[in-house]
Ligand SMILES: NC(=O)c1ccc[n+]([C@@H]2O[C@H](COP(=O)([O-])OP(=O)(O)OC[C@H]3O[C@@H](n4cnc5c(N)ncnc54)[C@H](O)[C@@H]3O)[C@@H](O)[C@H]2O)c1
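We begin with a single chain expressed as structure tokens, specifically the form predicted on its own.
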Amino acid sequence: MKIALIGNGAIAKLVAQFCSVRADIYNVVAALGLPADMTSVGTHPIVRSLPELLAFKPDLVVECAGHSAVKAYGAAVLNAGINLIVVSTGSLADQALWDEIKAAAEKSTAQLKLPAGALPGVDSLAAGKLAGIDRVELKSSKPPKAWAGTPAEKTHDLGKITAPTVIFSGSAREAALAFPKNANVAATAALAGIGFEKTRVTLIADPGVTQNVHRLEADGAFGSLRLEIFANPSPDNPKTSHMAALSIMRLLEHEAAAIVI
């Protein structure tokens, strides 16, 4: 399977490593990088434009470069008939972008694939929606330093937080758009469940945690769901979870597996 990456950062590195030890199945043919990306995170080459990337004729493109990359390249990849994995699910909180991406996927022979990331129980949430869900609430806690470079810096002195502190409370749409590098889990919960407006999200800076902690609650005709995950941060980027890369690997395994669970 020929795989192309959009991005050359921490997640791209982990995906490339995963593929390299399964070279009989997966072949990362190239990555679309930024002008500043002079060195590839793998053995594959870096290209500077989408046409150059698609010239490698990949079977699947994996986006792991942020909201702007989804906006710039997502629909074009799908329009080319190539399956697309979007890691930056928070970008889809932009209604206009979601409409564009959804329309491209529906008109194309390709599929848009959204990994669970660090969201616990995404399969149960999606299944519960078929019976009807009344409430979905997500609480995400990360160490204060993980919120550096976000709007939380303007409202809180992150270096002086000594107890769990709520830095945001609102809808999944508001969370995903305001915290694009930290709230992809909120967007995934919304897309799997009852939508961006109805999904409630609380973001917490907690000096007592060393992992990214996500607590998901849902109630509906299916029953009640209460799940939590203590996810280790990515080895190279504390703002994201290691599970973000692992969930991509799981999707890749589904592409090649005879048995899918």
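The structure displayed is predicted, hence computed values, not measured ones. All residue numbers refer to positions in the sequence shown, first residue = 1.
Not pictured, yet referred to below: the form predicted together with the ligand.
The partner is not drawn, yet in the model of the complex one stretch among 121 to 129, 86 to 94, 162 to 170, 103 to 111 has residues with heavy atoms inside 4.5 Å of the ligand: 86 to 94.
The contact with the ligand in the model of the complex, taken as any heavy atom within 4.5 Å, belongs to Ala69 out of Ala69, Leu225, Val209, Ile229. For the chain shown alone, Pro144 is not a contact residue for the ligand in the model of the complex, no non-hydrogen atom being within 4.5 angstroms. Contact annotation: Ala10 falls within 4.5 Å of the ligand in the model of the complex, judged by heavy atom distances. Among heavy atoms of Gly74, none comes within 4.5 Å of the ligand in the model of the complex. Taking the partner from elsewhere, Pro233 is found to have every heavy atom lying beyond 4.5 Å of the ligand in the model of the complex.
Residues Leu32, Gly33, Leu34, Asp37 are the ones in 15 to 43 with at least one heavy atom within 4.5 Å of the ligand in the model of the complex, listed in sequence order.
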